[in-house]
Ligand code: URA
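There is one chain below, alone, in structure tokens, taken in the form predicted alone.
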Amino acid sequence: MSKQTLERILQSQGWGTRRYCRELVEDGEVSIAGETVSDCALKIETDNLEYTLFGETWLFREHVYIALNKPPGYECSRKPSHHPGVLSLLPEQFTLRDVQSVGRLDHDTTGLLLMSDDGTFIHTQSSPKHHVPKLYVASTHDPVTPELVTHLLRGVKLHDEPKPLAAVSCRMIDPYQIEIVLEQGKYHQVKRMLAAAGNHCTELCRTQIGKLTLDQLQLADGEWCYLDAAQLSLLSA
């Protein structure tokens, strides 16, 4: 059980500075259980707290765990340089509460992207030491051959990598498409591995992390959702 002042609760949820959150309360913008709350110093139990702000109801979340179906043309950066950032696809308060992408997908790569403000979660999901498998579907410029699949499974040598990197699994889906599972998450890894194996990646989509799939989430391009406890448990499976 945890109690916090209302102004601190609003600040922790990304609604702005303490001063701005205090003004929101004093201006009558916040209500709980249908009652307007005007005392910003009032201490409120945060467990299962629902509050209404600007006419919309929100659930207090100590941390947020988000899945986004990333469309092409967005950068996984808080300070994008050439394309819009993925944070622009989320409500503005997530930027203020320091939500970050878990790892990165290239601007032209699509699919399942995790986002959170929980540093421990981000590290666990990003670190190759935790062996979280990630499944990608890659379209290729040249036809997929059995030799290409074998090469990716045995491992390919990439520039600046001390030893060859191998796919956990790999199979041909159709003559110009493969499904490949990796654990390392190196920079441009799928594209570089395909190039090192003698082919070229023309499109790339991440469809699964751990045992959590895009199909389970049923998100259209650019849509996002909170992850519940059951869905989070699939990420470490």
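Start at 1 and count along the sequence shown; that's the residue number. Small disclaimer: the values here were computed from a predicted structure and weren't measured.
This next part talks about the form predicted in complex with the named molecule, which is not shown.
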Segment assignment from 151-159, 92-100, 106-114, 138-146: heavy atom within 4.5 Å of the named molecule in the model of the complex: 106-114
Any chance residue 171 has a heavy atom within 4.5 Å of the named molecule in the model of the complex? no
Interface membership of residue 67, the named molecule in the model of the complex, 4.5 Å heavy atom rule: no
Spell out, yes or no, whether the shortest heavy atom distance between residue 209 and the named molecule in the model of the complex is within 4.5 Å. no
Hey, in the model of the complex, does residue 200 get a heavy atom within 4.5 angstroms of the named molecule? no
Interface residue in the model of the complex among 46, 189, 177, 52, criterion: non-hydrogen atom within 4.5 angstroms of the named molecule: 189
Check each residue of 196-220 against the named molecule in the model of the complex and list those with a heavy atom within 4.5 Å, in sequence order. 204
